[in-house]
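Let us start with two forms of the same protein chain, each given on its own as structure tokens and named structure 1 and structure 2.
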Structure 1
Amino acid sequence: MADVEIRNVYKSYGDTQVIHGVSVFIRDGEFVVIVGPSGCGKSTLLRMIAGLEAITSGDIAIDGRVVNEVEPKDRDIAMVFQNYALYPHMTVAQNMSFGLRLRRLSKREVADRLRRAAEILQLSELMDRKPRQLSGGQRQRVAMGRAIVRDPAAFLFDEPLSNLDAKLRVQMRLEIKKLHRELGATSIYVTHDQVEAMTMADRLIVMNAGIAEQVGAPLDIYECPASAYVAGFIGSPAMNFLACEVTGDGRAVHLNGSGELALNGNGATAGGGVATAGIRPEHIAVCGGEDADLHVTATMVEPLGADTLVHGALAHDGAAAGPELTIRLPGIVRIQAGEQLPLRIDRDRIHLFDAERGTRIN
């Protein structure tokens, strides 16, 4: 077990820089999820930690030792690949024990560790099969097994669940979390699935185009996103963004056609001027006409059972004209497309972002 420190790491392929200075300290035993859209450099960062990509500048230290020049095999890490990367010519048992045999562990030790891992992952029946005789979920387990028998200082995962179907993904997600609780090993997990990110992470690294935009606990990031980018990426359905005008004292905003909305306790850092207001779909409610901040005309309704998503266009002088808005209402609500809805916004939960730079300003 070990901590992992990433200090001001840059990565370039030829002339193109893809990681622009990332610094994170990952504590011993922590489960950290790196999340971000495709191509933002998640895999590249992980592969630099694994030693599969050279670091252009900066340092990566595992357990206090800078490993920039250390071979992958000497970094004491294990990695689970997206396509599992099982050795096709070896049985499950051989796949899992390969690393141990290379490290010249005694036969008994190898057998012991294999048995324990097989029990934890319910692989005991499959030990003599070849990978091609396994289902996707079973292959995934073998890949996990190959990592845990090694008892490494840190586990690295690169989108290990993205080849599984939705149900299996939920199940494996829970299993990996459980495993982490039992083994307590430092884990770094890459995904572009924000549900995985929110549910699995002790701490989240939200990446955007080669930089770590925000690092923090999932709920902290949800409640207080550092930028419009993070706010839009974390949370589903995505946050609504509306242009707004901040009052001179910074204590209230005017939304598109609304009256003055007081920002209870989380006023803007600077008064006056235009900004972007971010409002999560779950922080908007349907209300009586006299309390309404805004009116929308419903354009589409998605009843999900547990809650109902309403997509609407902001009404302006009675006609649907303004920007789109998504609203999440608890339970089953019977609304028809075309209906006009008076809406009230939760004033405690309005996020304000700089209109140009997207940084948080309240």
Structure 2
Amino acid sequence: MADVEIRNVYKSYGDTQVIHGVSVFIRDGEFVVIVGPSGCGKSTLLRMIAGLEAITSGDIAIDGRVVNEVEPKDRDIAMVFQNYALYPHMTVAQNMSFGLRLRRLSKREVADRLRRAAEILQLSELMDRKPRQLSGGQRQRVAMGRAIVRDPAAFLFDEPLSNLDAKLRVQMRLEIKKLHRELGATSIYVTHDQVEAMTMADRLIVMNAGIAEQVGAPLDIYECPASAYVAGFIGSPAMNFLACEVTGDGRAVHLNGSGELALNGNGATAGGGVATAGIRPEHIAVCGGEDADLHVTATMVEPLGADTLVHGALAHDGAAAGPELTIRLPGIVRIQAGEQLPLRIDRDRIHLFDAERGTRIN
């Protein structure tokens, strides 16, 4: 396996720049997930690592070797795509060994690699089947097996679970993570699904319009997002954002007619002025009226079993017509639309962002 280094990489199509100076060092054996919405540049970045897209400027190095001008087949990487891309007329064994046979490896070497990959992916009983005889999850495992037998320096995954149903996505997510532990492989994984990203990654690269907005461990990014964009993308349901004004001493925020929140000192560097307060739904609780920080009128309730999502309108200057707020409450909660709820905010978990630039200020 190998380190992968991305050094100040740019990508342009004519006059349109789509990747803006991304620099990340991916350590040997690390599982890094590139996450972001459609069109943010995550797949383009992965394809440049694979050699499927030319680099406009900057360098990509694999195991210390700059590979900008190296053909994809010579980069010692293996890629798993969203589309399984299996040959329908070939058996599982033939699909998995096709690349090895092109490289003219000995029959014994091919057989040894096939057996090992089949055992890891639990495909031993399926080696004589054709793709049409397999389920979606089995086909995806065959595609991963085709990558494993190559024994590459790095694995690249381009949204490999997008074609699977929700239950199978969870199962395959666990299998890919288990596979990573068993192989100790350097893995770079692209997804738009932030739940996949949070649960699978050692580190995340959060992309925004071609920029690596934040790089870090999933829980570090969840606890301390560098911008309102990252805060709104990482976490489900998304963070609530409220326009506010920070007091001059940085100890409280005024929510523009909806009340005031003490900050327990975590806004001391804000320096006063207009800002955006971010509060995650899980950091809001229903409380007794005398302890309430805010009041909302429930507009919609989504019971999920393990927890309940309540959507409500903040009281605004005494009327229930303020900004929308989402609250995540544990377990089954009997709340009806139209009900008035007193809320308590975890004051150590209030995030402040610059109102114009969106950057973190506390």
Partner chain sequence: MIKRVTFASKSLPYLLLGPQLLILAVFFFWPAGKAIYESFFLSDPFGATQIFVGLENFQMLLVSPEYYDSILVTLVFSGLTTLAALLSGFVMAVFADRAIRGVLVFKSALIWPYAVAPAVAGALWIFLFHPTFGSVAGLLIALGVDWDPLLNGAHAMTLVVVAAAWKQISYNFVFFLAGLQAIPKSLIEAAAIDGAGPGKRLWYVVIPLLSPTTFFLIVINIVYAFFDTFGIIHAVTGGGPAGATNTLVFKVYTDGFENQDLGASSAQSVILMFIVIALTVLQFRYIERRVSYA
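Rigid core: the largest C-alpha set superposing within 1.5 Å between the two forms. Only a predicted model underlies this, so the values are computations on that prediction, with no experimental measurement involved. Structure 1's sequence is the ruler for residue numbers, which start at 1.
Only structure 2 comes from the form predicted alone.
Once both forms are overlaid on the rigid core, the distance between the two CA positions of Ser124 between the two structures is 2 angstroms or more.
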